[in-house]
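Considered here are two forms of the same protein chain, supplied as structure tokens in two stand-alone entries, structure 1 and structure 2.
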Structure 1
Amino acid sequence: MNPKTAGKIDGIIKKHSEGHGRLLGMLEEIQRENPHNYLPADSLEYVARKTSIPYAKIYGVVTFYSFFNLIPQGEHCISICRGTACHTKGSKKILDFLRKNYEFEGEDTNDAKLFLTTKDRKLTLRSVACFGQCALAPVVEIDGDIYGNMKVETLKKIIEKF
């Protein structure tokens, strides 16, 4: 890890030195500071050393919460809900459109656990089990914003703005 990154992490650790949930806040900020919006292993190891929080606990937190990433993300992230309501309302059609029209890399094995990124790192495509917004199905999250009643044409327009 370079000294600049270590310095940033030191500042984040200091900022989140007290209180319940400090680890979550710390990890969220470290991830946001990373240009590819993820938590590299060396950053997690550094946090473990500096905070005396066992690495296994940190890794457990990161792998439990779906908003943490262990793999570099694209500039824009599109998450497609694959829950029952979204599936019956067309989320598969949205997913298929994205797969067909963008050159994603990664292991494209099943719709339930999808994580693909374009070669140019502009887009990351993920699937999630459920956003808990079933009344708005199909639901898509784009860069942290939730969109309900998503249609392929609407998604095309949003992506064109990128």
Structure 2
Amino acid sequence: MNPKTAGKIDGIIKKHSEGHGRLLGMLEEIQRENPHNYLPADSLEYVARKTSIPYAKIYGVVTFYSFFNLIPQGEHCISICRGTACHTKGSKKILDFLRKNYEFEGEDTNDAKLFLTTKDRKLTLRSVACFGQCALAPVVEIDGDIYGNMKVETLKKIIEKF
């Protein structure tokens, strides 16, 4: 790991030096600071070495919360709802449009648990069980913002503006 990243992590560890849940706060910030929005193994090793929190415990935490990513993420993240309401309103069509038009890497076997990123790391595609916004179906989340009544055309325009 380069000294710059190490220094950054040192600072983050220092900020979260006390209290319950300090590990969560730490990891959240380290992921946010990472240019690819994920937690590389060497960063986690560094946290373990510096905090004496056991390696396996850290791995247990980062694999428990779906919020944490262990593989590099695209610059932009699109989450498609695959709940019942969104499905009947055509979320599958949106999903297939993205699949067809972008070159994703990763295991693409389960629509309900999709987690793919394009080769150029521009775009990450995930599926979500439900956003709780069924009245707006189909719902798509793009970089943290929720979009209702999504259509393939609209999505295409948004992506073009990225």
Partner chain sequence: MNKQVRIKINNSDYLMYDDITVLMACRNAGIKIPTLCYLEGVSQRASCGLCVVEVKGAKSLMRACVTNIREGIEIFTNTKRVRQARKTNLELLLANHPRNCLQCNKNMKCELQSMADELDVRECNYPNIRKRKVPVDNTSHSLFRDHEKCILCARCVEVCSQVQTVDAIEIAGRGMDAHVTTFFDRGLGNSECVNCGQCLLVCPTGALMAKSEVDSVWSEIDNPEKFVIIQTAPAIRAAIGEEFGFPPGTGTTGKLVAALKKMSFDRVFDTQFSADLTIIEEGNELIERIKTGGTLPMITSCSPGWIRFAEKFYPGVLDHISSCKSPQQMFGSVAKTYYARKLKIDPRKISVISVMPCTAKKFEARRPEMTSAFEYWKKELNLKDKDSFPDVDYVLTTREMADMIREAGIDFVNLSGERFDSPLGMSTGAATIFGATGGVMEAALRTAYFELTGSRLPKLELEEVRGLKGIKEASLDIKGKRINVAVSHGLKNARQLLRQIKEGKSPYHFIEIMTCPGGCIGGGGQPIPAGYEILKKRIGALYQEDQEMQIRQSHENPAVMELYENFLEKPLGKMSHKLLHTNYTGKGIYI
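Quick note, the numbers are simply positions in structure 1, starting from 1. As the structure is a prediction and not an experimental result, all values here were calculated from the model.
Do you reckon the form predicted in complex with its partner chain is 1 or 2?
The chain shown as structure 2 is the form predicted in complex with its partner chain.
Test your reading of the motion between the two structures: two rigid parts, one hinge. Which of Gln73, Phe97, Ser43, Val128 is at it?
My reading of the hinge gives Gln73.
Could you tell me the angle, in degrees, through which the smaller rigid part rotates relative to the larger one between the two structures?
Turning angle of the smaller rigid part: 15 degrees.
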